[in-house]
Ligand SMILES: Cc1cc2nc3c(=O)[nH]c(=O)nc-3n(C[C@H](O)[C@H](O)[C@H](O)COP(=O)(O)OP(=O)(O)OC[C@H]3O[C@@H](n4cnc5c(N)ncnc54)[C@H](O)[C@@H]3O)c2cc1C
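Quick heads-up: it's one chain on its own, the form predicted on its own, in structure tokens.
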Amino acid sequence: MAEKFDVIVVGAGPAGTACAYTLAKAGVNVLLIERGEYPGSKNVMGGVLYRKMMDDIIPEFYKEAPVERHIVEQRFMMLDQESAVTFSYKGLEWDQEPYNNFTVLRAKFDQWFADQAVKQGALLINETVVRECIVENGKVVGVRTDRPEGDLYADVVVLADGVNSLLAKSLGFHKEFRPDEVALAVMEVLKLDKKIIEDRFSLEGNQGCTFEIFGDSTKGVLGTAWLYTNKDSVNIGVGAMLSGLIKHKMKPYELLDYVKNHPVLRPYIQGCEQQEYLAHLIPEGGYHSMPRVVGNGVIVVGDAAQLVNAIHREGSNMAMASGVMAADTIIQARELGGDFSERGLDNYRVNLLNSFVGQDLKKYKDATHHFEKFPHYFDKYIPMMNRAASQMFTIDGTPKREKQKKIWNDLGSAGEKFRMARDLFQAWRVMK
């Protein structure tokens, strides 16, 4: 007879593990299935983990979790071919517990997090592929795996199987995501001596710094590059909309090489030794691309539900929050008599949309598509801003009023100035 669990969670990333941990802690018999050799082996992200959502699950987790550095400075770089305008915030309040965010290496952190779920009572099975959901009378009742006699049953199945979830797609929850709804990210982990990192990025002890890089880093395609500090390595990566890469016939690893060799960025990684290369699709369609997230006997969480805030580069925190909300909904349904129908589980959808996750996705619902439609924000306006900064900061005997006049004239004709003002207004509208 096939084994039966209360809940089966497919995928041991931040969303799935947060769900399994919360369920197991409440005494629910939960199975966590991971297709990789271990949790984190097939995951990639820029490397920033926000404290609040994880702290809600395991208070003061950072005292024992394998975090790299707590971030005290965030830099935002507007990059041209030979220049950069950089905005930065360095807050010493972030240098004190409970901290704001951390850099992490997912291969280490995901393993640790899954181990905590196991300690709470969850059963973790690695190297197992879920081929399909088992549906009986219109209700998901389990999963079919690639193992011999691999049919497993449960009252509820939670799909945390990542971007372009094949399981959710097979249930008709979404169609194939379009190239303008996903980004392709590539990243390298580069080994660098701890002392060199601290000197190069003006850090002390376990302080960390992050760079978010816009403009020339993606050669005008909608996307960003990043540079994050770990204990004795740095993460450097670039992500761009798949549609833009296809349109401009760009290869992602060539784009990453371009970023690594950019004259403004190259000094930060000089002398580094490559440790790891990673590539991954990231859901960036946002609010409009969210699939159906609840069905009879099934809930969709994390990347599988398109829960990524592309504007603020947030994903893992939203994933964890969704996993906890899914678990809370299942626990409540069990307490109210075991109604695991779509109606009985719909509180998850309601709570998700009313939370910061749904609110932020709704706030920026049109931003990604707007900036992709008008690439001149990156390939025209950023270089224009950098040229203006260069002129104002170059001391050559020219009066500042004349410099300002030249900058104004360089903006173009009256019609071009009007279009620029209109573009800036439109950008404000989609971001407000």
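Numbering starts at 1 and follows the sequence shown. All of these numbers come straight from a predicted model, not from anything done at the bench.
Only in words, not in the display: the form predicted together with this ligand, which the text now covers.
Proximity of residue 301 to this ligand in the predicted bound form falls within the 4.5 Å heavy atom cutoff. Mapping the unseen interface onto this chain, residue 50 counts among the residues with a heavy atom inside 4.5 Å of this ligand in the predicted bound form. Remark: residue 280 counts among the residues lining this ligand in the predicted bound form, judged by a heavy atom distance of 4.5 Å or less. In the predicted bound form, this ligand lies within 4.5 Å of some heavy atom of residue 129.
Site residues 6, 156 and 177 are none of them in contact with this ligand in the predicted bound form, judged by any heavy atom within 4.5 Å. Of the candidate stretches 325 to 333, 91 to 99, 121 to 129, 188 to 196, only 121 to 129 has residues whose heavy atoms lie within 4.5 Å of this ligand in the predicted bound form. Think of it this way: in the predicted bound form, this ligand has a heavy atom of just one of 167, 293, 242, 357 within 4.5 Å, and the residue is 167. Note on contacts: among 139, 313, 200, 260, the single residue with a heavy atom within 4.5 Å of this ligand in the predicted bound form is 313. Counting a residue when any of its non-hydrogen atoms is within 4.5 Å of this ligand in the predicted bound form, the hits in 210 to 235 run 226, 228.
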